[in-house]
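Next up: just one chain, as structure tokens, the form predicted on its own.
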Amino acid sequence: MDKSKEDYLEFMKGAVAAFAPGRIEFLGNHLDYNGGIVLGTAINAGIYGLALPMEGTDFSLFSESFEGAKISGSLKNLEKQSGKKSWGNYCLGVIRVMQDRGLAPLHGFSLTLSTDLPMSAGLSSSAAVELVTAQCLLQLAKQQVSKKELVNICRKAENEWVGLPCGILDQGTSAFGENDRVVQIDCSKEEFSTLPLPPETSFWIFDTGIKHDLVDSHYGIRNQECMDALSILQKNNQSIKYLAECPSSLLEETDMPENLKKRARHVVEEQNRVNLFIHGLNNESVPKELGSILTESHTSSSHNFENSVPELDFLVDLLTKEEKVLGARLTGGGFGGAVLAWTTSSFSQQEAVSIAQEYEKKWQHSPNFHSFLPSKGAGSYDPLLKPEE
């Protein structure tokens, strides 16, 4: 063995590694924190983490996506970050939750993150960062948890440290993803399963480039509006625990401010769309019929939930005119970000370029686009090998 390889192996002694995929919110927009059933797919791109143990209790966090924003600190005194270092809050929140549960390493470490995932494109890079951090720390601490507890740790970190009142869609999909399948999550029961997707179909993401910092956006407002609508509905029917389980008839006959009724109508009807889609998958319905449900979801997001923007609406209109596009909708929190196009496998790069050119004529900039496959969920791997090995 040559000297350089010996030095490398010595440097990597005790190193651990993990990968967590990004996710596509397939159907069920804003249903997760409303107690609904949602559908998502893990994709074949995500966040890679490499952690090395260090003596003492100091730690460092570095991301190749945020050069010049390295974070250093002590495990005995975690501090919330701001500005260009705010990316590290997704890691720090996980550390804090794991410390509270006795799962975090007691010694210091360095954690380096890299990615092949487009950032701020509605693919939930934040959840992938959380899952990778948790998996690396568990290995360093020689601890193990179930996938369900892993999801719970990461969601709690985002809710309480980052300050985003998200549900479990993002973390759950990234953790439970499988090749060629969609992840079904019952958010009220926190139950996870998968369903096979129709063969010969593909996912395309068209990213508008409009950044959406959900912590500072209307996401929290929409969350509160849903809670307010639920509170009013519960006065008429105390058996309703979650907005997603409210019958349409009860909603429509209940008096409430118009903005709250529109938010609630989206949630209730979105749950009906998810149920219809699941029924269609189980009965092998024609993909084009299933795809129309996605497009209906976008219309509701735009008109009732009002978390779309004109650029997203324009993209959906363009895409749904294409014969090989089964359906299209915004994906993720909204207020910018990206559109999902569910297509036949014959939809090509050339056709994607054509869509991007039409968009550029209207908005003077071209959207980035990416094609993904539904893939396996988060896991650890030998840091001396590639993840697929």
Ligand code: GLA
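On a predicted model such as this, the values are computed, not experimentally measured, just so you know. Start at 1 with the first residue shown and count on from there.
A second form of this protein, the form predicted in complex with the ligand, is not displayed here; the remarks below concern that form.
Which one of these stretches, 281 to 289, 110 to 118, 163 to 171, 138 to 146, sits within 4.5 Å of the ligand in the predicted bound form when only heavy atoms are counted? Stretch 163 to 171 is the one.
Evaluate residue 333 for contact with the ligand in the predicted bound form, applying a 4.5 angstroms cut-off between non-hydrogen atoms, and reply yes or no. Heavy-atom contact with the ligand at 4.5 Å: present for residue 333.
With the cut-off set at 4.5 Å between non-hydrogen atoms, does residue 33 touch the ligand in the predicted bound form? Result yes; residue 33 sits at the interface with the ligand in the predicted bound form.
Would residue 219 count as a contact of the ligand in the predicted bound form, using a 4.5 angstroms cut-off between non-hydrogen atoms? Because a heavy atom of residue 219 falls inside 4.5 Å of the ligand in the predicted bound form, the answer is yes.
I'd like to know whether residue 29 contacts the ligand in the predicted bound form, with contact meaning heavy atoms within 4.5 angstroms. Although the ligand is absent here, residue 29 would touch it in the predicted bound form, with heavy atoms inside 4.5 Å.
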